[in-house]
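The chain below stands alone and is given as structure tokens, in the form predicted alone.
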Amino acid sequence: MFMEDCMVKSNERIVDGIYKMELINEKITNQSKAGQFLQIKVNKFDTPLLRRPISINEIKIDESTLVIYYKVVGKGTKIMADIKTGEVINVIGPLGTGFDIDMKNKNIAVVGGGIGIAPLIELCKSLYKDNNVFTYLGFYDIPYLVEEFKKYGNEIEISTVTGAAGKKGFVTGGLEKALLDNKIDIIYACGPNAMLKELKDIAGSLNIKCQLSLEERMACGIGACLGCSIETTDGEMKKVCYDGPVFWSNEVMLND
């Protein structure tokens, strides 16, 4: 983990409300892994006080560059959307426990929903060389990153709530049959809590191993404030920012 200034290589709107930013920093890039995140100070002022936790989308070692995608939902991310190429922002990272990618010769399902789709690119890149990767992505309306996912997967299925592209409905609709048809050995997922809870139940019913990257509000990002604590199945409390954000599905309790 480092606290470093990063130069903004680019910052652009991809679709309505979703932005892509590239950050240059050799130290953080070289230490980053799929599933980890950054704590970003969005400006040089005291307001907003808290950094914004943003998952790493892609790691470009040769370019010393990290790619992130973020959704504009509040004051901090609105400030981020106005950051210009060439500006410098302060970043803490990489943070958290990423995905367990020590897999070979497996049939793997990668399931993403909403902005939770973004962290899965680096995961697919890491897995595709030695495994069969089947990708299932759920969007509300307009898909993004689809062409990138096609580079690192055997098959891809798109769902949109509005029916604008792919099949209409949620990404979990009909997923159980697809998992069985493709003889899936392990599932990786990131997305809204309701999607992860349903996926945890599906994985449990099919006896398929499943890793979930959880989305929780974070303050410090280093396990000190306990604000992102969740209950585990053995009754203990764990911190999403430090012990996660990736957990095995049978480890954690997901509330409605």
Partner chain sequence: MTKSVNLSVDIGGLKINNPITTASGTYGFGREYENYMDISKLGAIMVKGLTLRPRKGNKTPRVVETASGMLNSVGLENPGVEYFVENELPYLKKKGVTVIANISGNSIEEYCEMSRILDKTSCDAIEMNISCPNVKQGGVAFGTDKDVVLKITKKVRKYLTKPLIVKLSPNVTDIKEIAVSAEKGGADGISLINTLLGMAVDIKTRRPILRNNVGGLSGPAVKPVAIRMVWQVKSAVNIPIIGMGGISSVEDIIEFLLVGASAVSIGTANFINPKISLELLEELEKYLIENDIRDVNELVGQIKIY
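Residue numbers count along the first chain shown, from 1. As the structure is a computational prediction, the values presented were derived from the model and not from experiment.
The discussion below concerns the form predicted together with the partner chain, not included here.
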Query raised in the report: Can L206 be called a contact residue for the partner chain in the predicted bound form at 4.5 Å between heavy atoms?
Result: no
Original post:
E26 near the partner chain in the predicted bound form, any heavy atom under 4.5 Å?
Top reply: no
Even though the partner chain is not shown here, does S229 get within 4.5 Å of it in the predicted bound form, heavy atoms only?
yes
Are any of the heavy atoms in N30 no more than 4.5 Å from a heavy atom of the partner chain in the predicted bound form? no
Within 4.5 Å of the partner chain in the predicted bound form, heavy atom basis, the matching stretch of 91-99, 135-143, 104-112, 148-156 is 91-99
The partner chain in the predicted bound form: within 4.5 Å of a heavy atom of each of I14, K125 and A165?
no
Checked 185-216 against the partner chain in the predicted bound form; residues with a heavy atom within 4.5 Å, sequence order, are E216
